[in-house]
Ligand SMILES: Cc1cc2nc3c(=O)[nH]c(=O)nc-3n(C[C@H](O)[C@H](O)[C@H](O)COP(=O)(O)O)c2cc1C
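Listed next as structure tokens is one chain, alone, in the form predicted alone.
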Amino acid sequence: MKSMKNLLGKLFLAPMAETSTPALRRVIKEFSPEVVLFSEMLSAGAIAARASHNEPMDRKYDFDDPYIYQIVGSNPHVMAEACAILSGKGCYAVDINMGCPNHDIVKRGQGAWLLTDLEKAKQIIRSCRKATRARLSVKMRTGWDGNDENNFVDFIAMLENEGVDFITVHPRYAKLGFRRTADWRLVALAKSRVSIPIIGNGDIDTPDTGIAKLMDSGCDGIMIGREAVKSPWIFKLISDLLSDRANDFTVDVRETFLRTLGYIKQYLPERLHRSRCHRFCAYYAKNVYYGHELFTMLRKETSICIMQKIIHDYFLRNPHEAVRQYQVKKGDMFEIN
């Protein structure tokens, strides 16, 4: 068995509410089997209450391994109960959300708001550490309303001391949302101050950017969110570049679009089709020239079959956009067409 201080890989899909669906996870695995996957952000309260409406989101599939559940909450007892339930499903880790800046989350004292209360965060970690048989991790921002390096270092030291196995750092303070540029200098700072693995997250929008941030920060892994929804093959390209494999790689953009929507239909109940399809399409439609117009049409629909028909018709009109070709050679990547 691997040490609890080791990661199973360098590439991680981010936990994204309504977006890190079984459909996206399966497509990413089909491109790149070594990626470590996260669930959607899950409510610890709903997990602890064993709410039936949450079951489609917390189900783990064969293609998910290695798999990390992420939970959000603020009550140490409830968080611990959720950890115990989820770790019993055979996951690689349970992750505590200390980074979500969403207003509805932080007003309940959850997500990034926990960065303002070291003692409360410590109680949560201590309770969860006792309750989970799996690894325990934290995904966090570098502050609430500013990047105070001393507070940040104290916080991650507390996490390590309380038994967290690894930390994902998104180097923006929470009030920034996704504005400005992520300060990866703080990822390097975290790596220099704790002995547990550090995963860096933020502003990775190309394979070259991902590799540069991995190397420059010295972190143990990189996590990709929004760009992985738009380009589920990005991990494959990064892996080829890291291994210095020469490879010609063809992506069927059209087929991947249709297949992902088909998986949403396969794995999720109809009540979730609209929200999950629209989230995915908002990012993936950016792959085509008339993506804004395409998404405007798709977001009016609730039926996956109709969405697929709209996508099929788009590529009939624009067949030159259906396929992308990449070449990886001698550590460089080129898009051929």
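Numbers follow the displayed sequence, beginning with 1. Everything quoted here is computed from the prediction, not taken from an experiment.
Below, we refer to the form predicted in complex with the ligand, which is not included among the displayed structures.
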Of K60, R279, K286, H273, which residue is found within 4.5 angstroms of the ligand in the predicted bound form when only non-hydrogen atoms are counted?
R279
In the predicted bound form, the one of P76, G225, G221, G143 near the ligand [non-hydrogen atom within 4.5 angstroms]
G225
Stretch in contact, per heavy atom within 4.5 angstroms of the ligand in the predicted bound form, of 170-178, 123-131, 256-264, 143-151:
170-178
Within 4.5 Å, heavy atoms only: does A23 come near the ligand in the predicted bound form?
no
Although the partner isn't part of this model, could you tell me whether A14 comes within 4.5 Å of the ligand in the predicted bound form, counting any heavy atom of the residue?
yes
Heavy atom to heavy atom, is P232 within 4.5 Å of the ligand in the predicted bound form?
no
Would you please decide whether G202 lies within 4.5 angstroms of the ligand in the predicted bound form, comparing each non-hydrogen atom pair?
yes
Which of the residues spanning 131-162 lie within 4.5 Å of the ligand in the predicted bound form, based on heavy atoms?
K139
